[in-house]
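In structure tokens, one chain follows: the form predicted alone.
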């Protein structure tokens, strides 16, 4: 470990350092193995079952994109709200943002599997379908890829400008940078948030182009945010136990994050129910077909699992102050939400092409591979900088947080 700064907190000397050994050699090896197996099984699936392989590829790419997007979103919210409590945890969402370019690479490669999963990408199908023909101005391969590039370029380019201010403040000690990213953060949240909603229309909803929902983007937005919060909590607990943030990040910081998670898992189920209730109650065949296939057979059982993982169980765990201040219960709740996000995406993606659920080695290995890539990129980025912004004007407020 390399010691960079020593300062006092309640009379105790605390060192901030660049930790070069957050992961052991064995952990790094396993991450590489999982990533390698994920790539291999995808390559094998492209030749044996291309539709299933590309659906898993889309799920993994969208999952990674959501983690990276939420990291930048939390940083931007920090600056816009002028909050002080979360300064000591800010390096975690900043490091999560580094996952976003890898989500970009994966989603760009989706171009090669477009014809296997997107009905509207076939000119002959569009020509014989009045509905698809009417949507072809928006839903076409060239427009699809151009919009994807615009989304990611904006997210990454503006996001890097915001985060660079934080790193500059550490190296130069200029506290004016504490508030300088506020305007850019507001711009990123407004434009970037709208782009995320449109991206969910493009990448997920267009798998079933005859069906649409005006709140589908908001539904995906809520799922993205809950999974991102869950990842932040798991990362902070791991870093505390590894000794990197011990004495810096307190249970009070985790308590604040748990209140965020508690609120947004409830918001997720509210949006889920709103979309479901309005479509089901209206009973219009063109709309209810989406839920009919998801309420029949095993898919119907997965719908129940989806609600349990993304709302009911985390809601019960986080309902009490005692459990919101307990590392173990927070780890369980956050892990369930992270797995629940995979189930939620599975329920949005796979029924579009599968009459019954398929779950085997491909789904397991590709998801674990995506998680391994996320953890690898996150940790490799985190160790490059100090574990917290040592020159931020709100640092003392964050260090002395009491809830």
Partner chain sequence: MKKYFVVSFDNEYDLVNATKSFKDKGFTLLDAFTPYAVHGLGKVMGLKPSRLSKICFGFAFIGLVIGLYGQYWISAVNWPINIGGKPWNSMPGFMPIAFETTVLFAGLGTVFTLLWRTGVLPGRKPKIYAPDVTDDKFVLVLTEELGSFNSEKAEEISTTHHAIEWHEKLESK
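Residue numbers count along the first chain shown, from 1. Nothing here was measured: the structure is a model prediction, and the numbers come from that model.
One more form of this protein should be noted, the form predicted together with the partner chain, which is absent from this view; the next part is about it.
Peer 1: Could you spot which one of 304, 153, 127, 319 gets a heavy atom to within 4.5 Å of the partner chain in the predicted complex?
Peer 2: By the 4.5 Å heavy-atom cutoff, the listed residue in contact is 319.
Peer 1: Can you work out which of 82, 171, 214, 283 has a heavy atom no more than 4.5 Å from the partner chain in the predicted complex?
Peer 2: Result of the distance check: 283.
Peer 1: 160-168, 181-189, 129-137, 275-283: which one contacts the partner chain in the predicted complex at 4.5 Å, heavy atom to heavy atom?
Peer 2: The contacting stretch is 275-283.
Peer 1: Mark residue 270 yes when one of its heavy atoms lies within 4.5 Å of a heavy atom of the partner chain in the predicted complex, and no otherwise.
Peer 2: Residue 270: yes, in contact with the partner chain in the predicted complex.
Peer 1: Though the partner is not shown here, which residues of 388-403 have a heavy atom within 4.5 Å of the partner chain in the predicted complex?
Peer 2: Result: 402 alone.
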